[in-house]
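In the block that follows, a single chain appears as structure tokens, in the form predicted alone.
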Amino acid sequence: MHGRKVICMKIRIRFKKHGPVRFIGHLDTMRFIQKLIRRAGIPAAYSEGFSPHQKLSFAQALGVGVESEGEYFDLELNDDLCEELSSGSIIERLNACSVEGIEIKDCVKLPDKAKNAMASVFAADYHVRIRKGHELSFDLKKAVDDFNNAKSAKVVKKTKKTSRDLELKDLVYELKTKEDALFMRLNASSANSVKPGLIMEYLCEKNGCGFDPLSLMITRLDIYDTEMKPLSASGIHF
């Protein structure tokens, strides 16, 4: 094998994360997926050097406590060892070795020149509910209508090191009430990403209500590229 170029096939896998495992952070989730791939016998390609690692990359970190129907990672496979694999067999083998709360939902083969998952992220859909006992003191539907009708909605986005002004009207692509919950389609790019909590904080402040981040139950529904297509649409089943 020395000196021989290993040809790799890149796949993109979609998985869901529900239940108690939503409290597992991103780094621990990555470590679990790496172990899951090994347990399932998926022939991952590895980097070279003294500390080889799987050629694996995630689309975007998911916040602790947030559930998801649409998480993604890209994985390069060693073509020499994956002739018998198919999208269906990879899903079946991974799910057979997984734990409750992490379920593989889809697997596609990516074109050779496809962007990696992280570079492809542009927007994300969220379903947001208010926990019982934390009911809002204002009319949520009216607050959403007011936001949608406003010409401007400026906020300050704070991080541990910096703060910056944002115009939410440029970054919220859709906001609507759905029964007793909210549907949000938000910018999720590396440069201008906004989270559901920031939107709820803005609505609360605009309507004279204190904001408690722990009052939210958030589910990420899917992640989209710049063409507003789900990341799984970049590939084909095989």
Partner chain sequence: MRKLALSDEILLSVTHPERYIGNELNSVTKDRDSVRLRFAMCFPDVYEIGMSHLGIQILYSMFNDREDVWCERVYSPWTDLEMIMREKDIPLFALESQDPVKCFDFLGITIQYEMCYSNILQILDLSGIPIWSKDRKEDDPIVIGGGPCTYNSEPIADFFDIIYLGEGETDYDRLFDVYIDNKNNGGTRLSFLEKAAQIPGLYVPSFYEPVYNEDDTFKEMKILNDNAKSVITKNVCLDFDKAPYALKPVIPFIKITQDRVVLEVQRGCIRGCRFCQAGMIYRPVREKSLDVLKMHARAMIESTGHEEISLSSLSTSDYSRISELVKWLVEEYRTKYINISLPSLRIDNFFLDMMERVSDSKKGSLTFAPEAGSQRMRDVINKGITTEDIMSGSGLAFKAGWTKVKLYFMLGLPGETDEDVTAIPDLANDIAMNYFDTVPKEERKGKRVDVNTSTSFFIPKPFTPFQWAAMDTKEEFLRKAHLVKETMEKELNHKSLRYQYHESDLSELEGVFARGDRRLSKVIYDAYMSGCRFDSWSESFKYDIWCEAFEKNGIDRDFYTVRERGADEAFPWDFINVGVTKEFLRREYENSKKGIVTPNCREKCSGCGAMMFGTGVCTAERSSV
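The structure presented is a predicted model; accordingly, all values stated were derived computationally and were not measured. Residue numbers count along the first chain shown, from 1.
Another form, the form predicted together with its partner chain, is not on view; read the next lines as being about it.
Inset, instruction - Although its partner chain is absent from this view, report whether E100 comes within 4.5 Å of it in the model of the complex, heavy atoms only. - result: Contact check for E100: yes, within 4.5 Å of its partner chain in the model of the complex.
Inset, instruction - Mark K10 yes when one of its heavy atoms lies within 4.5 Å of a heavy atom of its partner chain in the model of the complex, and no otherwise. - result: No, K10 sits far enough from its partner chain in the model of the complex that none of its heavy atoms falls within 4.5 Å.
Legend entry - Distance check, H134 to its partner chain in the model of the complex, heavy atom within 4.5 Å: It does: once its partner chain is placed as it appears in the model of the complex, H134 has a heavy atom within 4.5 Å of it.
Inset, instruction - Evaluate K178 for contact with its partner chain in the model of the complex, applying a 4.5 angstroms cut-off between non-hydrogen atoms, and reply yes or no. - result: Judged by the heavy-atom cut-off of 4.5 Å, K178 is well away from its partner chain in the model of the complex.
Inset, instruction - Pick the stretch from 165-173, 31-39, 193-201, 178-186 whose residues have a heavy atom within 4.5 Å of its partner chain in the model of the complex. - result: Of the options, only 31-39 has residues within 4.5 Å of the partner.
Legend entry - Residues of 108-128 having any heavy atom within 4.5 Å of its partner chain in the model of the complex, listed in sequence order: Heavy-atom contacts to its partner chain in the model of the complex: nothing from 108-128.
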